[in-house]
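Only one chain is included here, represented as structure tokens and corresponding to the form predicted alone.
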């Protein structure tokens, strides 16, 4: 009945929890619950009444809110709510501490290391999740549909999700999101190295080093995926879907192949590599220039090939189909404009009209990366202010919708990877807050992160290894074949998905309402798989939260 952040709260963060009940509960008969915050030693340290009830349309629950934001004492506590004259319900213990967000940030970033392909993960770095190198992908054939002979070196990169495919379009939006985090971390380091409260518990230089190393690992794979003519291959995949086996076993059982090229993958590459120039030009100018030159070549190929479709192959990997190219052109042009100041002015104005911003980033609809590039560039003041004002209006709408929702969400439907959507909405708020500070933006974003870490209808922390309620049975091949009881830490489950595309696998969803469409079972690929494009916005949002 008590919905709260299972990991805990920073002392200065909002601390709002929910009490939920069936509509038939006696709690609806004019009774207003009260609650206590109880310390580990049993002492009551905070007491207050809950607010009036509201309804949750996607769970059919009555929901009361309890707010103990004013309580900031560090320690371990639990929530006790009195639901009758002699009855109460309790949460488990959670922490109030300064280091909660930094620890979550480090863990979620670390999950990308465990998604690495083609390299050994030694015990010294990976611990009990160590594994030998597999899927080297340094001499693989082209898919028959390409009618191309020879082999290609597509070594490295991250596994996309719970399978062993590697994709440019999803990898691109993921690495671009991490590059946003890297830009912000660099800006903070240039200022002071501490957040606004002066109580940051994070080794910022080490975090930035690890972040850049992980980003570069993916970027080097991207560079290998560019053909000699500038176009970019779409994906690398096995010839058929793997079972729940380790990469080494997959390698021994079947071949892998390269597919593409397409306009979307090439523009995705161009946008991400141009942004990489921005991030790496101080730490490695030579690599940064290589990235920018590759981005320019890719954009030129896309201009000459503006509507080359994605490879329609799903034999052993996801389709990532997208027949709309305006948003990718906008992203690539805006990012190249930011880096080179080349004259894209009139075209960018047209892009802005055709591609209004969404609430967050997405692999299919990438226009927000174009808007963000314009909001952060310094070549054209008018374009920058227009982009910032437009994104601020989006942030205002996110806050408005979140205030109408019982759980504080701005999404209005739970789809595949809903946790990625939620994290992306939070990231939009944090981004806009960087140039238009607002406690409404920050508090709303933190409320959304609370949802991911436990304050949700299914009473689950959706991040592995973060809390007692974290997923144990992700739909993830390595986690179910490595012989380790605990799943790889820091992975984000897709989360509540009202479409339940896995019903033929007979998962055990807890209730029929849309808001209960999650189950921690291996068979539930629709709700319990992980993906890098859901992890990336959570990393970035936690980075913004942590660095203030």
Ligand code: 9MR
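This one's a predicted model, so the numbers in the text were calculated from it and none came from an experiment. Residue numbers count along the first chain shown, from 1.
The next section is about a form of this same protein that is not shown, the form predicted in complex with the ligand.
Proximity of 161, 319 and 534 to the ligand in the predicted complex is complete: all three residues have a non-hydrogen atom within 4.5 angstroms. The shortest heavy atom separation between residue 310 and the ligand in the predicted complex exceeds 4.5 Å. Proximity of residue 167 to the ligand in the predicted complex falls within the 4.5 Å heavy atom cutoff. Interface membership of residue 152, defined by any non-hydrogen atom within 4.5 Å of the ligand in the predicted complex, is ruled out. The closest heavy atom approach of residue 113 to the ligand in the predicted complex falls outside 4.5 Å. Only one of 363, 359, 129, 344 comes within 4.5 Å of the ligand in the predicted complex through a heavy atom, and that residue is 363.
Residue 416 is the only one of 416, 301, 407, 207 with a heavy atom lying within 4.5 Å of the ligand in the predicted complex. Screening 311 to 319, 87 to 95, 292 to 300, 244 to 252 for residues having heavy atoms within 4.5 Å of the ligand in the predicted complex returns a single hit, 311 to 319.
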